[in-house]
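Only one chain is shown below, in structure tokens, and it's the form predicted alone.
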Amino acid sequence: MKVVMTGAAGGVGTMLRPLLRGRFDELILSDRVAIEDLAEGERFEPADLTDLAAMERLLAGADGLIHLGGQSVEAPWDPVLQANIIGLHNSYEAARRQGCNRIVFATTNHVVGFYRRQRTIDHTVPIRPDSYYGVSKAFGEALGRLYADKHGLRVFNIRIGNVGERPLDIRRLSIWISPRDLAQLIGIGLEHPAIHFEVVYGASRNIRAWWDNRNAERLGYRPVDESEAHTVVAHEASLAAPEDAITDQFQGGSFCAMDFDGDPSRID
């Protein structure tokens, strides 16, 4: 199996690479930034998401795509548009044209960021994006649905919480996912025989979770890490940098507070 990973030079890609090595016959790493520390079974191919021809060359002969590339945080509209909407469309269209029929899309919890923290939500709730970034990822999920239904691609959307070796604060105790649990979800997306179009949450075994992740469990996901082991450090970090009045109400955290000038009492 030949698998392409976009955004491979980024933080998440760097954490995932050691966990995915040897799992596939070939792992093609792609980014605009060169990757020098290639291991056996890895190959680097530069590509810009906004260049459809480059994406076609990248995906030629590929069986699966792990799409981590794009604008990874909130930003002004134009960079979000170029990377996460135009670039994502190019990725799906290139995959279709080149016969790459498995797409694992790194979407985000920010597509549902304006749900309150007291509410547990699953993968079926209406979207409530908290940012341009969240809007672009909601577009990505909708685009994946189109390419699954119309063109037969197998699309697996992971609404990632926060990836790292440990949760960074109290909020992330609810949304954290370890690199090895994320790698497990990616494996399901690339290998599960029954995938058509699925949305799951990228979270470890977190007892404070805001998300009902039974759809991932239905597909065989069994997280091995839990955030509660890091409670003391997370609480200390939050005491040192307390949240503002908007941030601490909503699941999307600080993304909700950016440029906020609405009425929080109207947000149920």
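Worth saying up front: this structure is predicted, and the values here are computed from it rather than measured. The numbering used is simple: start at 1 and walk along the sequence shown.
Another form, the form predicted in complex with a small molecule, is not on view; read the next lines as being about it.
Contact annotation: of the candidates 172, 128, 96, 89, the single residue with a non-hydrogen atom within 4.5 angstroms of the small molecule in the predicted complex is 172. Proximity of residue 194 to the small molecule in the predicted complex: non-hydrogen atoms within 4.5 Å are absent; the residue sits far from the partner. In the predicted complex, the small molecule lies within 4.5 Å of some heavy atom of residue 162.
Among residues of the shown chain, residue 133 is one whose heavy atoms approach the small molecule to within 4.5 Å in the predicted complex. Under a 4.5 angstroms non-hydrogen atom cutoff, the small molecule in the predicted complex has residue 73 among its neighbouring residues. Heavy atoms within 4.5 Å of the small molecule in the predicted complex are found in one stretch of 177-185, 77-85, 138-146, 154-162, which is 154-162.
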